[in-house]
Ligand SMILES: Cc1cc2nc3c(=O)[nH]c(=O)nc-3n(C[C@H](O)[C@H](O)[C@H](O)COP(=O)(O)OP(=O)(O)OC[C@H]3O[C@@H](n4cnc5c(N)ncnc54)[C@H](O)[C@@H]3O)c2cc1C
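Just the one chain here, the form predicted alone, laid out as structure tokens.
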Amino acid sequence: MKAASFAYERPHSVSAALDLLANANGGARIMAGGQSLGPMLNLRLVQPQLIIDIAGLAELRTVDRDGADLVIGACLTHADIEDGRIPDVTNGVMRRISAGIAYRAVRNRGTIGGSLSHADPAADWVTTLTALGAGVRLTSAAGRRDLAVAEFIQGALQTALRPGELVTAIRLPALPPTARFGYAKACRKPGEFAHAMAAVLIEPDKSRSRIVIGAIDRTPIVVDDSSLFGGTLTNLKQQFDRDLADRLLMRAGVTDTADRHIHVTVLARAIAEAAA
């Protein structure tokens, strides 16, 4: 199947892209790497009147420091991160996750901002950036606003983007050297979208943990306390409460017993990695 007819614009600045977006009255879609939007167009799942291609905007490929945080442009590709073309403030987490996204051909073109904007529950960045406590910058003709990624993702393929807004940057908080991170996912074959994934961030110096269970067809489950470990972070593997994780998945609408077992097993692997 081929995409329905649409107009195509390749603006030379963010402001020009925002003007096009504002004037389209909801009939436009933003394209960066096109790794998700392209197939949706060909399947006619979306039929916009106008595609605004922002992949070439240098403004969206910048890397800046803001205190200890790193602010990276939304059009940096997964391969840019995988290859270390941005500073590492996450002790290698970002490089590792990017290297595991789909295939190299996808990583060469797919962008971190595009992945977040698409908000596929099984996308690696949705779960990982939520666990890292990252933020997202949204820009429109009226100005800009910053949200936590956990606030930005509002459901499967649903975000907090308002009409006329564009994801322009991602804010990455620097992890302390003592932080520990675990990540695991289950895919039917390498490179495929995951059907279960989990990320675990442990910050011993702050006695703090954040657990994120993703790929559940809704917003990720976020556990910002140590309840999954019985209220303490001293022995993660032994204290992991699998029954509580199972109940959280049940409450989130994962009704199939086998699916919950896979999610809990993947979470246990992520915890084991963080505990190692």
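We number the residues from 1 along the sequence you see. Everything numeric here is computed off the predicted structure, so don't read it as measured data.
Omitted from view is the form predicted together with the named molecule, to which the following refers.
*Asks:* For the interface check, one of 173-181, 88-96, 186-194, 143-151 should have non-hydrogen atoms within 4.5 Å of the named molecule in the model of the complex; which one?
*Replies:* It is the stretch 186-194.
*Asks:* So which of I81, V167, L201, I72 reaches within 4.5 angstroms of the named molecule in the model of the complex, heavy atom to heavy atom?
*Replies:* If I apply the 4.5 Å criterion carefully, the residue I get is V167.
*Asks:* In the model of the complex, do R29, Q35 and I54 all reach within 4.5 Å of the named molecule through at least one heavy atom apiece?
*Replies:* Answer is yes for this spot.
*Asks:* Contact between A134 and the named molecule in the model of the complex at 4.5 Å, heavy atoms?
*Replies:* So A134 does not count as contacting the named molecule.
*Asks:* Check whether S117 has any heavy atom within 4.5 Å of a heavy atom of the named molecule in the model of the complex, and answer yes or no.
*Replies:* Within the cut-off, so yes.
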